Each structure stands twice: as structure tokens, then as C-alpha cells.
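A single chain comes next, written as C-alpha cells; it is the form predicted on its own.
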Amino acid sequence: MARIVILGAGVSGHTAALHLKRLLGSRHTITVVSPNSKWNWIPSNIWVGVGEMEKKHVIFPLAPVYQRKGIDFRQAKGVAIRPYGDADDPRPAVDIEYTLPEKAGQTERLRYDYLVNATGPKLRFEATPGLGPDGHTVSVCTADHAVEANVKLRAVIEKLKAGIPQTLVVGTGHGTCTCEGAAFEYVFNVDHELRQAGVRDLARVVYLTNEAALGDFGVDGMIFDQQGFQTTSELWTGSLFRERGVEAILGTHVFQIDEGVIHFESLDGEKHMLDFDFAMLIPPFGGQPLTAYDRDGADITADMFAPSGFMKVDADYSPKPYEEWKAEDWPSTYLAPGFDNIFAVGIAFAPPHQISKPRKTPNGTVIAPSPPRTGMPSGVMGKTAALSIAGRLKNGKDTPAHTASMAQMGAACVASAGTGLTKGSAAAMTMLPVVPDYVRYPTGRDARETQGELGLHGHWVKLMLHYLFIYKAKALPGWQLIPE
């Protein structure tokens, strides 16, 4: 009987656990370690953050799902990996620290035959002084953050109703942030709420981003093929901003936030101040604080993890100029180098390079949107790791691993405002592949599969996906038929 340990129960880790149980039944043990007791469908936090959906509709408890499926669940966080075992036992192990209130602070060493690192991101609010819920801005990165964001947004709307002009800023809170898509969606939901409240004319709405161009989204933008004509995501996105009167400030690195004032540096090296009454700024992501040790207890963290804290996998991490990177440099199996039993999936793996071109200001400040790895790609990676592990347990350890490179994988993003069936609109985008491949495609992506559409129908898709993916995550009958 093999022991499989999964660190993290977000989209990637939870997907891996459910598929492993489906594929392996009770012949092997599957243990999920997560510091959170609840699963959160993060894309819908946007709606919670503007009061269009309640927190209870985007979360559910994990323990009952795992109990029903026969999956061992530990409410704890992984703190150390021992891929060679320890002095007392050569079997690989991971150290965990419990976050369950009655066991808080207690530790345990779990032995494993296969390990899936799906720990997700550390929200690095500390990278910018004053950023985040403990500072002067709000967030929608967690359901609780989103609830607080809505409370503060409502207070701003009440001031607007009283005739007091307000400045609302949405965007990225650091020059290396990812998830510009979440900020993009939130700014249009804020605009929608202001219009619904009849106070849009008194509000200044600003989109503050580290993207060098609108529509970059950390993937170097897209070229859409619409009815035989090509347009760029920059032009397409820019038209949405103009129609809604949203100001865009591009290429920014926010380096400090005081009460009511955002300090940022632009690509020309100039320092600026932006006064605000409400700000939702995405933090940069880092890897969760995991360390690694060899059998004698020597620290090998730098061998297994990138400086960002993300785990190295089967990618090309050799230094080379941005222009020399190729699609095949991206990972495909998500196996850690030198180990045939450790996978890192979702946000937990270290990207080999930026997808969008990194830029530096004259002051040497790096402004570079980080590669997105959330949502659909995370789910696909989790399933791919599960298929690889199941294949090896059934057919032998030499069975080739399954592959799912982001240079071959497509993704969809639906930015929707409003939640009703008859109201709301959405900007729906699809791209294939996520990582551009200029060898296979002249524009880097398949023009037939890379498109942008506007309208109520996209909003219906987003609403449908909300219910489908929560149904899937609850492992209800037929869940496996819903694609990642």
C-alpha cells in the first residue's frame, strides 16, 4: 500500500486528491494537508467583494467531503520536506504543523511514497509597506478579505450618495504582481456597483497596474481573431476602459501606501503620489515557507526551491535573455528534478521565466507581471499529477509521467460584473496556449482559439462555472465529468 501526501487543498491539490481517490480506490492512502478548514472558489470572491454574493456561497467545509470519500485530512501546514528520510528512517517524509485550534502548534512527521506540493501562494502583503487588510487597502484574495472589501466599498458609496466625491483605485500593489485578471474584473464590478447606486458621476475610478500595456495580463497580451479581423487585447481592453470612464495608469511599482495615499514609481523612474478613498490592490505572490533537508539534517532548500519560494520542477532554469526563452523551456510533468515521486503543481511550481517582458526603471526597479498559474491551469496540473501517480502505482514506477505544459494548455478567463440572470455583462477571453509558442504560431497563439467576446452570454458562463465547479469540488455524483 502506497502513501500519497498532498500539501494544499486549493484548486490544484483538491483536484489531485479527488482524482487519486477515484483512480486508486482504497488500495492506497491519500492524505491531504491544508491549514484551511474550508474550500474557497476564489474567482467568485470578486462578487463577494462588491456585495453581489454572500461568503457562504463561495466556501464549504473540506472535512465532510474527505470523510465521505475516504481521504485522510489534516488541518495543518507543511513546514519541511525530507525527501531522503531522516537518520532514523530512510523513508521520505514531510513535517506538518497543525492549525486545528485544539492541536495548534503540534507537529507530526508523515511518511510518503508520493508527494504533491500544491501549497498555493503566500500573499506577500509585507512586500509593500501599508498594503493589505492590515494596512490601508483591501483585498479579494480570500473570502474574508472580500467581505471586508465590500463593507468598505459600501461606506464609500454612502459618501457618494451624500454628494462627497471619492477616488477608488483597483489594481496591483507591487511591480511583480500576478493576477491582473482579478484586478481587471474587480474594477469593472466596482464600476457596475457605482452605476447601480446612481453615483458613478461623482466617482473617479483608477486602474493602477504593473502591466506595461492594457490587456497584458502577465501573458504578454493576446491577438484576437474576430470575424476574420485581427485585433490586440490591448485595443480590446482599452475600449472597455474608455466606455466606462476608468482611468488606467500603467507600468507601476507601488512601493508604499499611507492612509489615503499610494506612492508608486513608473517605468520612466519618476515617483508619484495618488490620493484615494478606497483601494483594492492585489499583493505579490511567493512560495509558502517550506524548507527541505537531506537525511543528515543539512538544509537543501536552495536545491529544491527557487529564491521566490516556489519549487523547481522539470523546467529550464538556466539564465538566458528574455528573447531566447522558448515554449519547450516550460515544465510538462511537474516532477521535482532528481525525484520521481515529488510533484509541484498550480502556483507551487517555479516558472522558468516571465511570459511578459520584464522591464526596469532607470532606478533599477523591476516592473514585471508574474506568470499566472491559477484556475484552469492549476486544475489541469493537479489532475495530471494524479494520473501520473496512479499510472505508476498500477503499472510500475517506470511508467512515463503524464504531461500538461502551459505551452500547450489553453485557458479561459471570464471577467463578469453583476450576478443575475438578466443583468450584468462579461468580458470573456480564451487563449491557446497560455505560454506563447512563436515556432508553432506566428502570433504566439492559435488564432482560432484565442478570442475575446463581450456580452450577457459571457456573464451566464461565469455564473454557470461558479455552480459547476463548487459542485465538482464537493465531489457530488458525476463530478469527474466536469472538466478542469
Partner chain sequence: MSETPAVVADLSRSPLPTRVTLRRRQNVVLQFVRFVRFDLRIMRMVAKGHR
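Keep in mind that this is a model prediction, so the values were computed, not measured. Numbering follows the first chain given and starts at 1.
If you look for the form predicted together with its partner chain, you will not find it shown, but the lines that follow are about it.
- Using a 4.5 Å cut-off to its partner chain in the predicted complex, not one of L168, A336 and K360 places a heavy atom inside that distance.
- Comment: 443-451 is the region of 42-50, 63-71, 27-35, 443-451 lying near its partner chain in the predicted complex, near meaning a non-hydrogen atom within 4.5 Å.
- The closest heavy atom approach of V58 to its partner chain in the predicted complex falls outside 4.5 Å.
- Its partner chain is not shown here, and in the predicted complex it never comes within 4.5 Å of any heavy atom of Y293.
- In the predicted complex, its partner chain sits beyond 4.5 Å of every heavy atom of N395.
- At a distance threshold of 4.5 angstroms between non-hydrogen atoms, H136 is out of contact with its partner chain in the predicted complex.
- Screening K161, R111, R242, K320 for any heavy atom within 4.5 Å of its partner chain in the predicted complex leaves a single hit, R242.
- Though its partner chain is absent from this view, in the predicted complex it lies within 4.5 Å of a heavy atom of just one residue from A127, V79, L250, L202, which is L250.
- Along 257-282, these residues reach a heavy atom to within 4.5 Å of its partner chain in the predicted complex: F264, K271, H272, M273, L274, D275.
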